[in-house]
Structures are given as C-alpha cells and as structure tokens.
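The data below hold one chain only, encoded as structure tokens and taken in the form predicted alone.
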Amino acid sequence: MTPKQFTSLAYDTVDDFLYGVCPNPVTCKNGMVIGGGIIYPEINFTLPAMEATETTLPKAKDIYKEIIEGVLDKALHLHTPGIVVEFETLPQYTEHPEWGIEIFKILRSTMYEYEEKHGLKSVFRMTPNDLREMNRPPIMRSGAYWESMLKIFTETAREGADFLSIESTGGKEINDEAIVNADLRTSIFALGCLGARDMKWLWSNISKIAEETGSIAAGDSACGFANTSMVLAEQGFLPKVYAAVMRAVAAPRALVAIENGAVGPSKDCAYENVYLKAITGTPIALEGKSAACAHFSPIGNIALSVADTWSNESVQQVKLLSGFAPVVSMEQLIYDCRLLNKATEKGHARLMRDLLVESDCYLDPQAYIMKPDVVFEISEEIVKEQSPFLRTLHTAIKALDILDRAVENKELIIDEREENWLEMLREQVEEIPEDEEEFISEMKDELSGKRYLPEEYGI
C-alpha cells in the first residue's frame, strides 16, 4: 500500500466544517453512511466491577447480552435512524482472544437480529486493547501479545465487525513520565518520533486485515497521551496549557493512520480528530458532555460541534434510578443527535455548531485549541510538512503562538501560573533541533537506560 499524502485541507472554508457531514463519508454494508449528513449516536459499555476470567466468562456473556438488548430496545423506541456500537475489550478478552470473540458474536448477532426484525440499522466498531505495552519494555512488532491482537482483529472482522479501531500505545512508555513532569520536549519525541513510526507499522497491518475481510480500517486515539494530560490537568496536577498543546501535537501522529489506510470514523476519545477531519475530510467520532460517566472535561460542548458520531466513551452495567447505565447513556446520546439533526434539517447547522463552540472555547485553553478557525490554522501548519516529526514540532510552536495571541487579545483568560507555563513550554520547544536524526540522537542519550527499546521503533 502506498501511503497517502496530505498537502492541503479538505475544506475551502471553515463555514463548511460541520457536524454530521464531511467530504469523504464512509458507507457501511447495511447502507448507513457516516459523515453523509446525519450525526449518529455511538454507544460503548463494559462490565460492572468483576474479574474477567474463564470462570466468569459465562456470567459476562449474559451481562453483555442484557446490555446490547437494552440499548437496542432504547434506540428502537426512540426512533433513531441508526447507531454505532463499540466493543472496547477488557485486556483479558484480548489476551485470550477466543473470549473476546465469543462476546463479539453475542453482540453482533443481536444487532443483526434487531435490524432484520425491526429495521434498526446499526454498525459495529471493534476496539481490541493494545497489549504490547504489557511487556516491559514494550515489544511492538512481535510476540504473544501482538499475535493475540492480530487474532481478535482478524476473526471479528471476518464475523462482521464494520470498523476496526485501537487506542495504540507506541511511545507511551516514554510519555508517561514526560506527562508527570509536563515535559513537552520528551512528549514530542514520544509522539512525533516513536509514536508516528509505530502508527505507520500498526496501521499498515490493520488496513491489510480490513482489506482482506471487507471491514473498514477506522482510526486510532492518543488517549494515553492527550486524554491523560487533560484528566490530570482537570485534577490540578498539570497546567491546562500543557494539556492543550498536547491535544494539538497528537494530531500528526493520528494522521499517520489515515495516511496508511484508515478512512474513519476515527476513535471517539481522540479529540485530535478535529484536525484529522479538517485535513483529510474523513468522518470522526467524538465525545464530550455525554461522556461524563467516564471522565470529566472542559470541552463538553465544543467536542460535539464537528462530530459525525457522538459517543459516551464507556459506562459500566450498573443500576441507576431509571435503569441500567448503558441504556441511560443511549438515551442521552440519541437526544443529543436528534437535536443536531433537526437543526441541520431546518438549515441551522452552522448556528448550532457555533453555539456549541462559543459556549466552551473562551473558558479553557483545551477548548480554545478546538475552535474551528483555530483547527484550520493548526491543520494548515501540519500539511506544510510530510515528516511526522516536523509536523509535531511545528504544531507545538503554532499551538503556543495561538494560545499566546489569545491571552494577549483577552479572548482566553488564564491565571498567572498558566501564563508562566506558556513561557516554559516555549523554552522547551526551542531546544529541539529541526533535524530529526539529531533530535533522536539527543534523546537516545538522555533516555539511556529508560524502559524502551529503540529498535522496536526502527531507530
């Protein structure tokens, strides 16, 4: 497969950058079109607190059957035109792929049944865990964990998974410590050098599986990088401006998946998807206010503004006053999407988008960095280069420039500590050479003895 190249944005004007529609929609086997004019709810769920073992597998299968019937009943009764169901496996269900495959078959067959009997359209996103980091240091391109991942991807794709996704972890073993120290320089190495190389190898393999099975290589998420930063910033452990810059610098890494065969909709927890949509025109999943069951964020509305599927991230099968939590999430997502689809029908999609954006964007740097005009500005910087490293470095510089400008123009109000961090982050970035090989050599020396294997990334 020859990698794609992106040298310009997929849009001529930010006015066309809207939810539910994109230049390169994805058509599924049952006729559902993601990005074709309708925003669809995407439901994700997991087990209540219990051990995931072979002994508990029968109970788990019963619970998953109860969940899928509950969410499909809710979708049917609320007249939704279609839904996306994501099965994000527990680590044990990827490590023992036959367990995950059994559960997948229960979920998928139930969805087929509701479509055949009731006309409820649904499509399935399969998201195995990236187990490779369970080796310490991680082994990225071989071994039992990789073989387990390959098996569950391949078998579920053959059995009817529509979309293949993952939250990949290449470079995370280095970035975990960098996040704790708000070390943007090392994060750029982890994302732009290690992560980007891993993404090219990983997504070439996933795209091959998709091509051979008739499934769709959908997309990735830098959840362990940018979302971890966001959650820690929300808890006061990290500066918010660091988390905002991390959101932007995750985009060049994510773009590698699209360059190597992925076509969307990219994974819901990848807020960097907004830049992907601007550059590639592929549909994206996003999450925000209706994912508060999983984590809090300062970007609850703005994340919805250009989404093509709208997700709850994940929720356990626990009983609330009204019913079980996944069914509650299903209802919330359906009503969110119903409102946006009605705004589109009435000719008010752009107004709806702008209200979602402006309700968040001036209150937190992590929201400001997702403004549609800012997204275009950063995306235009990304496509000036083809090197993932230079894209990552220049994105960091551009994001800092934009945040500085917003503070100076009083569009974004941040406290003095955050302003000081903007200056410190710029100093870190200025230390990075433009020559990638020189930077890799520097970081190899600095990270000598750390728990990563350069050869696993081809460096």
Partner chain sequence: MDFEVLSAAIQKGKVKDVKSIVNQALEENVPVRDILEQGLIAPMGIVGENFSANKIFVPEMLMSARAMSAGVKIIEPLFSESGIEPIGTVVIGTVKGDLHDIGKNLVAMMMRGAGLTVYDIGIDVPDEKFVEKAEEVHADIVALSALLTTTMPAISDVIKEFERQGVRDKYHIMIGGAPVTQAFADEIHADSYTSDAASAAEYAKEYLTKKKAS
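Positions refer to the first chain, counted from 1. Given the structure is predicted, the values throughout are model-derived calculations rather than measurements.
One more form of this protein, predicted together with the partner chain, exists but is not displayed; see below.
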Worksheet item: Using a 4.5 Å heavy atom cut-off, are V306, V383 and P388 all in contact with the partner chain in the predicted bound form?
Response: no
Item to complete: With heavy atoms only and a cut-off of 4.5 Å, decide whether I38 touches the partner chain in the predicted bound form.
Response: no
Worksheet item: Does the partner chain come within 4.5 Å of any heavy atom of R417 in the predicted bound form?
Response: yes
Fill in: Distance check, E159 to the partner chain in the predicted bound form, heavy atom within 4.5 Å
no
Worksheet item: Using 4.5 Å between non-hydrogen atoms, is P239 touching the partner chain in the predicted bound form?
Response: yes
Worksheet item: Of these, L400, I63, V26, A52, which has a heavy atom no more than 4.5 Å from the partner chain in the predicted bound form?
Response: A52
Item to complete: Could you spot which one of R136, K346, K319, H79 gets a heavy atom to within 4.5 Å of the partner chain in the predicted bound form?
Response: R136
Item to complete: Specify the contacting stretch among 372-380, 227-235, 327-335, 355-363, defined as having any heavy atom within 4.5 Å of the partner chain in the predicted bound form.
Response: 227-235
Practice prompt. Using the arrangement in the predicted bound form, list in sequence order the residues of 73-105 with any heavy atom within 4.5 angstroms of the partner chain.
Written response: L90, P91, Q92
